[in-house]
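Next comes just one chain, in structure tokens: the form predicted alone.
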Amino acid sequence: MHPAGAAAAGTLRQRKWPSKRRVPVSQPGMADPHQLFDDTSSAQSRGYGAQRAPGGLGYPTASASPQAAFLGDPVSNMAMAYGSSLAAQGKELVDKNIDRFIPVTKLKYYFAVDTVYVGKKLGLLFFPYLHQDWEVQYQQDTPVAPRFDVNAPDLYIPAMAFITYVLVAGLALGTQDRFSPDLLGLQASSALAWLTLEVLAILLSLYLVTVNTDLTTIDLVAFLGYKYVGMIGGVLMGLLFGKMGYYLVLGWCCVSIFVFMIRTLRLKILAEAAAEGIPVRGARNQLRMYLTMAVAAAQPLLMYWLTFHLVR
């Protein structure tokens, strides 16, 4: 080969395969001299932004959460204490106002029942002729809870009986293809309206006759609400055995509730007259007897009025 051609070929090889230069590797923590800004994406590997000592350059510690900072603030603690005191005062105010209009503590007494009491009370409502002692037991001038005395009035049985009566009325209307929400609501509201009228009429009568008795409004609601038990029995027997079963069971329950009311109310109304020294045949005592008889006689009438249209 010609020497000039060999020289040219050597030159081409040198241009095609340039010599490699070693680029210095940057050490950790050293910035690249050709880089304008620091790369913060790998700050943890470089030590940038690492946790500082507490109080270092005024930065908070990384372990301090916002909740801990909030609770550690004295102003926040004062605000929490003030809010707690306001909530306690509001609860106390609400409890006082509720006790003024709704005697919650008294209502607890009327719902202090158990299964044994409910069974005995239902037996007393259906068979009052077998019961002898009708006196309410007292403990330090306070009547004992109903679960300890079957003669004590309660609101559990009347409330459950009223709800069950409405449900049984809906069942009776459904079997006759006459069920509707409006008709069921009318049935419930009419029963509640009659109960309210009874209570108001008895309170007015006691005021006119000037009877000094411990019979309270809640006692009246309890005693008058016991008639729903017999109404339920009459309607159920009417659904199972027709009108004959309805009249037999309802008649028995009407007589039972009449006897029950007479023996219960005479201790509440007539016993006060005897304690006051009023003669048995006196005019005022006669009025009390008539009032007791009227209240007892009204129960069978209302039992029939509120149930006769449910049995066909």
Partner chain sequence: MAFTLYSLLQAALLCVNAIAVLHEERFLKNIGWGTDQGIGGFGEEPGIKSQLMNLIRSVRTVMRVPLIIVNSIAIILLLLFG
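Predicted model only: the values in this text are computed from it and were never measured. Residue numbers count along the first chain shown, from 1.
Omitted from view is the form predicted in complex with the partner chain, to which the following refers.
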Can any non-hydrogen atom of residue 287 be found within 4.5 angstroms of the partner chain in the model of the complex?
-> yes
4.5 Å heavy atom contact, residue 197 and the partner chain in the model of the complex | yes
Using a 4.5 Å heavy atom cut-off, state whether residue 207 contacts the partner chain in the model of the complex.
-> yes
Indicate whether the partner chain has at least one heavy atom within 4.5 Å of a heavy atom of residue 84 in the model of the complex.
-> no
Looking at 181 to 189, 123 to 131, 226 to 234, 144 to 152, which one sits within 4.5 Å of the partner chain in the model of the complex if you count heavy atoms only?
-> 181 to 189
The partner chain: the contacting residue among 240, 193, 107, 78 in the model of the complex [heavy atom, 4.5 Å] | 193
